[in-house]
Ligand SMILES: Cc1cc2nc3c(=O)[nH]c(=O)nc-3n(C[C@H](O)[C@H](O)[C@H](O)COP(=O)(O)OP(=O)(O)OC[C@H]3O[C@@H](n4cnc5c(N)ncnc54)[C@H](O)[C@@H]3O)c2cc1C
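The data below hold one chain only, encoded as structure tokens and taken in the form predicted alone.
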Amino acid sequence: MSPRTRHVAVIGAGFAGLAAALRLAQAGARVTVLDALERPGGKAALGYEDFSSGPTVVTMPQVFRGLHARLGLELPPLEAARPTTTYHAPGGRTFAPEALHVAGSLEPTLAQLSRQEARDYTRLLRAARRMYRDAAPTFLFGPPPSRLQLARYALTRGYRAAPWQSLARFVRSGPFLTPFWLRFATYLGADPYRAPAVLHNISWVELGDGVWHLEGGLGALAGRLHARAAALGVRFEFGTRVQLLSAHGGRVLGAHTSRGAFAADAWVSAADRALTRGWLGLPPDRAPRGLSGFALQLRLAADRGHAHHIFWPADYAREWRDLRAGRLPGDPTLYLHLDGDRAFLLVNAPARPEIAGNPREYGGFLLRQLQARFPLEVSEWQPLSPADYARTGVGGALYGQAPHGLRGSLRPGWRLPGARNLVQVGGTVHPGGGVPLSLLSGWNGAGQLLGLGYDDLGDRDVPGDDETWATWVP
């Protein structure tokens, strides 16, 4: 069927679902979006309406610029975070690295480290850049790779990503820096002590290309994309929870929902892949689920500007022993995002919705932990537990299956058996979690459904990178 005669239903109004709906509508399709929540944004739409409850900043800004250009929208100002994040060790030492492409030099970062730490930082940043540039054409800026493409990567570049080595062994660089490098794997929901070395490439996105504040935040971005989609004729059905997908002859015919039955010619599921498999009656994935989160949304008495802080526990490995045992950590790593008179505090949690018990009790404990190290005048707060994040993913896992081992780190593709008129997009499938990758997934998964070509939404590399790298890095 041609796009102009096709009715496509999109399940989920997170960033992947919004991107899919926009590309479908631009191609002339009639689009209906079904979402169980009451507003767009997915994980970013939980809790207070004027807060982001999930993603907080922009990375890979070229993807955001490319998407706005395709939609004819003006991108609000992006402000570089300098430093990217400030890290606080228990003894009072701090580390505030500058993104290389923002600072134009490694010197401000290396000046904060001992001579050996500076050598280790430079070595591991080089490795992260190499891994990222090797992997990006196959695993980020392209459709889900075929077996031939995977084999070609393995033979020509994959061997440089230490394929038989764990991340923990690969980044070993002393008691201060090792936890710093390990934490980037948590961006995909991984236990860093079980993650493969190739996940080290994630650190380049932040430390090389930078972290950016988007005017109005990512909640406002979801609102703008929603408004643009509505202007293109997309119909949104919020408060509509899918319960079952009816398939016959290898095609999805309709959805049974909390508000009745919906029919469509083609489907895009931007929900958790495990949910989609369940709706289709497919066997559940055997892979373990990745991390969930426990968060606090804080209203502050004064404007504290824009900043990110990480507060390390006394024993980082102990935190992960707690998580593997299915417990909320007794001394967790604290991630704090300051956004004017609002703040977002997040800790790692097991993907077990029942684990929180009374969320305000553990939330109060976290607030006391934070106040002891970084006093804030809080006027109001509310917790978000794994049970809240379970509204958007099975068990509350933020990114689907745990990326442990080489096979686990490879994200599933966009197709599911027995559903040739459905594509699966979002943070639980190719190319992975996080807002820019979810946008790529939704935009291009929808494009595949319509037979359109792949669109990387922007330049893959920072202009001038090859020429300037040698002068930036000692």
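Counting begins at 1, following the sequence as shown. Note that the structure is a prediction, hence the values are computed from the model and not measured.
Just so you know, the form predicted in complex with the ligand exists too; it's not on screen, but the next bit is about it.
Although the partner is absent here, residue 21 sits far enough away that none of its heavy atoms falls within 4.5 Å of the ligand in the predicted bound form. Contact annotation for residue 430: none of its heavy atoms lies within 4.5 Å of the ligand in the predicted bound form. The ligand in the predicted bound form is approached by residue 389, whose closest heavy atom lies within 4.5 angstroms of it. Residue contact check for residue 139: none of its heavy atoms lie within 4.5 Å of the ligand in the predicted bound form. Of the candidate stretches 122-130, 348-356, 109-117, 236-244, only 236-244 has residues with heavy atoms within 4.5 Å of the ligand in the predicted bound form. For the residues 27, 36, 410, 419, the 4.5 Å heavy atom test against the ligand in the predicted bound form is passed only by 36. Although the ligand is omitted here, in the predicted bound form all of 271, 399 and 434 have a heavy atom within 4.5 Å of it.
Heavy atoms closer than or equal to 4.5 Å to the ligand in the predicted bound form belong, across 11-30, to the residues 11, 12, 13, 14, 15, 16, 17, ordered by sequence position.
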